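We begin with a single chain expressed as structure tokens, specifically the form predicted alone.
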């Protein structure tokens, strides 16, 4: 149970950047984990999570603590600069770029932590965006299209 709970904590921290232990505890409860404040404190210590001064949210040590609005602005810039096309298949979104432009776009996607995105793989001219499911994929593709159109 401890491993599953700690994995859920890491997932929540990566996706939602909770700003307090109470916020994190409520989110864990919604996922079916009943946890006390003392247990949560131990888990945070065991996982080495830190509270960033930039946004006041919990993060993994050494994780980029760029504020969400700044990360979204950087993503919009990267999309305007590098994106050539968007395609989608089930839970995958494929972003086409010019040669050697996929990595900066993938990095911007990762930093923006868009809802529904599990992760990215950046190649030479293609970014593969892996989403949680087909609905998330459709939402992410639509959001990227909107960002591209300004």
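Bear in mind the structure is a predicted one, so any value in this text is a computation, not a measurement. So that the term is clear: the rigid core is the largest set of C-alpha atoms that superpose within 1.5 Å between two forms. Positions refer to the first chain, counted from 1.
The same protein also has a form predicted in complex with the DNA, omitted here; what follows describes it.
51 is the sole member of 113, 27, 51, 96 with a non-hydrogen atom within 4.5 Å of the DNA in the predicted complex. When the DNA is considered in the predicted complex, residue 31 lies well away from it, no heavy atom lying within 4.5 Å. Taking non-hydrogen atoms only, residue 38 approaches the DNA to within 4.5 angstroms in the predicted complex. Taking the partner from the other structure, the DNA in the predicted complex has a heavy atom within 4.5 Å of a heavy atom of residue 42. Residue contact check for residue 21: one or more of its heavy atoms lie within 4.5 Å of the DNA in the predicted complex. Although the partner is absent from the chain shown here, 2, 5 and 58 each have a heavy atom within 4.5 Å of the DNA in the predicted complex.
Fitting the two forms on the rigid core leaves the C-alpha of residue 25 displaced by at least 2 angstroms between the shown form and the other one. After superposition on the rigid core, displacement of the C-alpha of residue 9 between the shown form and the other one amounts to 2 Å or more.
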